[in-house]
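As a starting point, one isolated chain is supplied in structure tokens, in the form predicted alone.
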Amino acid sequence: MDQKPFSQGLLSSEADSQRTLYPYVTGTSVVALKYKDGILMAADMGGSYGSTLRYKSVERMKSIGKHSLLGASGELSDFQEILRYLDELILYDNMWDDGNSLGPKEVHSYLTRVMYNRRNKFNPLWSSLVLGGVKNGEKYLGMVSMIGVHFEDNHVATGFGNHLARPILREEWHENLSFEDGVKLLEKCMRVLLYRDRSAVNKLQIAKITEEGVTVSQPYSLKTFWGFSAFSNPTVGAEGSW
């Protein structure tokens, strides 16, 4: 009786399970907050290949349907895959033609299920997502991590922004924030991230979503100052430094 060659057994290439074991091209922090008319979101346009800032014109904020705005940090190809999922979701919703449309709460709930489902398959989508929107006068802002951890808040951030921008937002955010003050607060957060995050690039966009829809700014740069003494000699006074 003929036996199958060993190469066609469990260790064959046909039986290999393909997984994203490590993110390759990644984007860094996304910062978002509620203001009096809607949601503001900021992200730079860098795409890092490892520690090399390879791409400098990557848009990481996209409108989803009529009422939602999505921002992502992490693996950019996985973000593109998530956008394909959402395109199918919005298309299916529109096919009902019932006068209703998915709001930010529903889209955020869908994303939490997608991310947790992929995590349970040990094949996660290596992205952290920020979802904001306005529907029927109600503002919504939430985030979901690559393993499905999710929450809703008045301001959220991913990546280094979770450590460096959130303290600033906790200190200075208030419910009646105007559009101009909200933009200034986001720019302050992005400037701190530019100083402290090696993956950040000084080319960013700020998006807003209100009842009227989504508006994404043209890319622009922040004014910076690199003459601080701590920048010129960062190891002064550090014990055990070279």
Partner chain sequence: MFRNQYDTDVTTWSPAGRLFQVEYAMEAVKQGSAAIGLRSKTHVILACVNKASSELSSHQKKIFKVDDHIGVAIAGLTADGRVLSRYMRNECINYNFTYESPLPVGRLVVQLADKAQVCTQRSWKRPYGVGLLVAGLDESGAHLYYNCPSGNYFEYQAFAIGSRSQAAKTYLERRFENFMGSSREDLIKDALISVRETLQGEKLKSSICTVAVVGVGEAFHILDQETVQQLIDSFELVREDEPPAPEAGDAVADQSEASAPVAEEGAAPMDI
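None of the values given here were measured: they were computed from a predicted structure. Residue numbers count along the first chain shown, from 1.
There is also a form predicted together with the partner chain; it is not shown, and the following applies to it.
- Looking at Y85, you'd find every heavy atom of it more than 4.5 angstroms from the partner chain in the predicted bound form.
- Mapping the unseen interface onto this chain, R119 falls outside it, with no heavy atom inside 4.5 Å of the partner chain in the predicted bound form.
- Mapping the unseen interface onto this chain, E172 falls outside it, with no heavy atom inside 4.5 Å of the partner chain in the predicted bound form.
- The closest heavy atom approach of N154 to the partner chain in the predicted bound form falls outside 4.5 Å.
- Figure note: of the listed segments 121-129, 72-80, 87-95, 163-171, the one touching the partner chain in the predicted bound form, with heavy atoms no more than 4.5 Å away, is 87-95.
- Taken together, the three residues C189, R196 and F231 all stay farther than 4.5 Å from the partner chain in the predicted bound form, as judged by their closest heavy atom.
- Along 143-158, a non-hydrogen atom within 4.5 Å of the partner chain in the predicted bound form is carried only by H150.
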